[in-house]
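Take a look at this one chain, the form predicted alone, written out in structure tokens.
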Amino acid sequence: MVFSIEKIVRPKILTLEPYRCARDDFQEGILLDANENTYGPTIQGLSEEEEKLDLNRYPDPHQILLKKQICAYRNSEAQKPESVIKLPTDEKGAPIKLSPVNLCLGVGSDESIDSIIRACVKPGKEKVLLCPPTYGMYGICCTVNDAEIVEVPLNLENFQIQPDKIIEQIKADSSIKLIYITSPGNPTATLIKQDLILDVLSQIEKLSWDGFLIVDEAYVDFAPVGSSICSLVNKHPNLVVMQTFSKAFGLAGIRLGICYSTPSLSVLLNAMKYPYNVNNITSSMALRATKKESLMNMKKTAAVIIDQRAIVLEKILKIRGVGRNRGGLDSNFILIEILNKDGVPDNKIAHEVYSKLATDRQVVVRFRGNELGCKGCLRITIGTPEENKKLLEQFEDVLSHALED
């Protein structure tokens, strides 16, 4: 295998000089270099904690401490005996750990999705391969960046990727530069088997393919311990992994995503990003979330959600008019089929249930029936015990009325 970042990334990006901001040089002292308001925020009544955030100052553009804490967590997960994916090792058998040079932080995972397309895909000339059903933002970012989409659907029986078909497609079309895979999937809730992803990686390395395989792991902390493949970016330079603080960490409101990659790509993504894309509030919350006590609490909360998922699924599958659990059991949501009177998945009834639950009962789920392989499906996030109880009560009532109409 011969990996060459120069053959993947657009020439202008390779020569991009990052914007040099005031906080690159100095972060302490009498700071009169960035035209900030030295008198502080004009909001009255800030709390002591808010005052400590220095909201009148630009944030740290590099976030090295935060990156170190994120790496420490993922490295420790990969070193657990029960971990599915282990840290790679060098020729002497020493573990190759993630470090800040592997990371680029962004405004949610969406910033990274867009940045990688902008970095690697020539508008109007090159393409991105998607595996539907999948996350909708990939398609939106492709459209915005004038990147044509090539589709290799998941196996609709089990919502797993089809490595041979993916490889067949990139062999047939040299203009494909990126492959996006979601694991666990959205809307499928299915963890892609790691050996299938490794199969794709092995084959593209043998081909010396000039592109990146991007695995979006937004829901990975609801999957078995050590399911993340982010630790492998130092072994497989064609691999990129994205994660977020929005799901298991319970911090959707701070909008923080993580992109792991080989250092030669990471340095370019960091050069491309806006100078202060991670604000002081976001940074402060993420630093707290990645400390030992908070990580333990995250794990406990994820376990509660998994337990509640089992309760909800068991009960909802007994309701008349509910078909299969169409998806997997690796996320904080389920994907279930809604059937008509003939026992067939039905988009009309599913959409009616979705609409009436939201407008009449104030219980909001998501209609996914128009996604490939998801006919008649509703995606339901697992809530608190009280929310789940109300969901089940209202769901059964609304569905029974829909079947009678």
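Each residue number is its position in the shown sequence, starting from 1. Note that the structure is predicted; figures quoted are calculated from it, not measured.
The next section is about a form of this same protein that is not shown, the form predicted in complex with a small molecule.
By the heavy atom within 4.5 Å rule, which residue out of 236, 273, 309, 247 makes contact with the small molecule in the predicted bound form?
The residue from 236, 273, 309, 247 that makes the contact is 247.
Only one of 118, 127, 97, 255 has a non-hydrogen atom within 4.5 angstroms of the small molecule in the predicted bound form; which is it?
Selected option: 255.
Does residue 190 reach the small molecule in the predicted bound form, with heavy atoms at most 4.5 Å apart?
No - in the predicted bound form, heavy atoms of residue 190 and the small molecule never come within 4.5 Å of each other.
Please determine whether residue 216 contacts the small molecule in the predicted bound form, using a 4.5 Å cut-off between heavy atoms.
Contact with the small molecule, yes.
At 4.5 Å between heavy atoms, is residue 261 in contact with the small molecule in the predicted bound form?
Result no; residue 261 lies far from the small molecule in the predicted bound form.
Examine residue 110 and determine whether its closest non-hydrogen atom to the small molecule in the predicted bound form is within 4.5 angstroms.
Flag for residue 110 set to yes.
For the small molecule, considered in the predicted bound form: do all three of 135, 138 and 182 come within 4.5 Å of it, counting heavy atoms only?
Every listed residue reaches the small molecule in the predicted bound form, so yes.
Tell me the stretch among 299-307, 319-327, 193-201, 102-110 that has any heavy atom within 4.5 angstroms of the small molecule in the predicted bound form.
Looking at the partner contacts, the answer comes out as 102-110.
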